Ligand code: DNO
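Quick setup: one chain, the form predicted alone, written in structure tokens, and binding and motion questions come after.
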């Protein structure tokens, strides 16, 4: 008999101000919500009171009389941000780590069992264009290496930035910079450093450079040590609290601004998973982020490290040019989504046989295109309702087809 349990279908919701409502999400077929308390300053403790308040909002509809359950649960926190002092390894990091431990204990107390987080320095996920117009008129998120070089070398004027780019990229970027209007330069700066949905900070060029300067002298090995220190401290607490951590890869998984990037390859993943051997020390398989690098074998990574796969972001990216990519539709692009889902379902089957309580892996369709009526609305880049609805429907159909036909090896 074929193991027939699907992944848990979740949806990232940015809170009460999100244009996509909880009712919209329920109608799209999701049963889990991915959310965070963005209003709490980075480093401060997430209290039981704040968590329970948001949990009630997600799981109960108080507009009806009497209140009724929505059919949703708060499945994943994405994310509890990590204070920069921890990333920098400053003497003050222990204070912020203690706060993080308290937050994890409170998360476990209210019954949320998965926390997706990242260890990217200064910047979170980075794109140069939030509205790339595709051939069919849809809009997509895009990282263009030429535009990134324009910003890094000719606008930010970071010292020695030229060393990070090929002569060809530098030449084309200089030409593009000279031809850009002030408005285009402003939009490029805004896209890269002015903050994204759910973010708490935006920077001027001077403030941004000051943040980068804090990382002088911190190379990849030192940054790995800082992550390992954090993991050794928090994973035992997460484990005791019934919480599974799921580190998200660098996005994009390449060096940016001279900053250390330590969650970009399979080698990076193997290192951090071995720091503390615990199911609570797990990872998020973001197929779009890892998939930007052709040297990452996504299916093989799931097969080799699947026991610690705690969350899945299913999206596809399309590479173009030198180091550039845009978000593709979920079943196209460079990601072999069929075999990715086969590998995840096989992992779930292993967990079922082992009687693991976490046999069902939460997933969400990630970074949809902006299409149809959403082109006329204000939406969070990558998170418009119709684009993600399309992505989830495609992934749901593919998953069901794999299950009904029997899970086969790639």
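All of these numbers come straight from a predicted model, not from anything done at the bench. Positions refer to the first chain, counted from 1.
One more form of this protein, predicted together with the ligand, exists but is not displayed; see below.
Participant: Could you check which residue among 116, 312, 262, 86 gets a heavy atom within 4.5 Å of the ligand in the predicted complex?
Facilitator: Here the answer is residue option 116.
Participant: Can you tell me whether residue 124 touches the ligand? I mean in the predicted complex, with a 4.5 angstroms heavy atom cut-off.
Facilitator: Yes, residue 124 lies within 4.5 Å of the ligand in the predicted complex.
Participant: Examine residue 78 and determine whether its closest non-hydrogen atom to the ligand in the predicted complex is within 4.5 angstroms.
Facilitator: Output for residue 78 is yes: heavy atoms within 4.5 Å of the ligand.
Participant: Find out whether any non-hydrogen atom of residue 293 is located within 4.5 angstroms of the ligand in the predicted complex, and reply yes or no.
Facilitator: Contact with the ligand, no.
Participant: Just checking whether residue 340 would be counted as a contact of the ligand in the predicted complex - the rule being heavy atoms within 4.5 angstroms.
Facilitator: Although the ligand is absent here, residue 340 would stay clear of it in the predicted complex, with no heavy atoms inside 4.5 Å.
Participant: Select, from the options 359-367, 51-59, 341-349, 25-33, the stretch whose residues sit within 4.5 angstroms of the ligand in the predicted complex by heavy atom distance.
Facilitator: Heavy-atom contact with the partner occurs in 359-367.
Participant: For 9-24: residues with a non-hydrogen atom within 4.5 angstroms of the ligand in the predicted complex?
Facilitator: The stretch 9-24, when checked against the ligand in the predicted complex, contributes only 12 at the 4.5 Å heavy-atom cut-off.
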